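Have a look below at one chain only, the form predicted on its own, in structure tokens format.
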């Protein structure tokens, strides 16, 4: 599986305390303020006790297909002192590609081999930028998986694998990137029942100048891959299409994050 780290961040601080304290700000704030919070569970596993003060500040929308859980697990593991945040985050989240992007940055390929997470960095052009349509409606991963077929045809598997090759070429050299590179037969059409406006919004991104488009993860966020020069027009087109669709939400202008996990004073504090 592939993933790209984008400059939308979560910051976690873990300190010793007399009892468990969980604080959260930004996206997801107030959902959990006890031991059920993912950051707390990860930190407790790493440290081996719950006498901790865990503070989370996040910019990443929750339940929108943007990898918030993997990023949070990686940050919590690192803040708690884990030597291998990638392996821990992959185990907690179940998506090694999201964990790898969060820890290593850039474009990554990742998978599980014999119950062990493996990842590799891949070439990603400096010219690329990203527009993300984030609907104001969550989509649980379990619901998104429920609509998928239990088996797929050889033709559909071959179709997607061939497009992955085109996508990797285009992410390294944008002049090669076209909407064909993100064409899909495995999940996007099936999930349209959960987000009927998605096809029109994806078409609008292309009409505004996006080189290629796709669902972000299991959705419902939608990703437009563009260039720095076309970023303003694609962003404007996405905002107009979202308004016209009647779907509440927002549009983010993002760039690739090539650093991945950073510690202490290096970390950018989310607004």
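Numbering follows the first chain given and starts at 1. Remember, predicted model here, so these are calculated numbers, not experimental data.
Beyond what is shown, the protein has a form predicted together with another copy of the chain; the following relates to that form.
Counting non-hydrogen atoms within 4.5 angstroms of another copy of the chain in the predicted bound form, say which of 165, 138, 81, 200 makes the cut. Looking at 165, 138, 81, 200 one by one, just 165 meets the 4.5 Å heavy-atom criterion.
For another copy of the chain, considered in the predicted bound form: do all three of 114, 120 and 161 come within 4.5 Å of it, counting heavy atoms only? Result yes, every residue of the spot touches another copy of the chain.
Based on heavy atom distances of at most 4.5 Å to another copy of the chain in the predicted bound form, which listed stretch, 130-138, 84-92, 98-106, 152-160, is the contact stretch? That would be stretch 152-160.
Please check if residue 146 has a heavy atom lying within 4.5 Å of any heavy atom of another copy of the chain in the predicted bound form. Answer no; every heavy atom of residue 146 is more than 4.5 Å from another copy of the chain in the predicted bound form.
Within a 4.5 Å heavy atom cut-off, is residue 176 in contact with another copy of the chain in the predicted bound form? Residue 176 belongs to the contact set for another copy of the chain.
is_contact(residue 169, another copy of the chain) in the predicted bound form, heavy atom dist at most 4.5 Å: Residue 169: contacts another copy of the chain in the predicted bound form.
Does another copy of the chain come within 4.5 Å of any heavy atom of residue 186 in the predicted bound form? Residue 186: contacts another copy of the chain in the predicted bound form.
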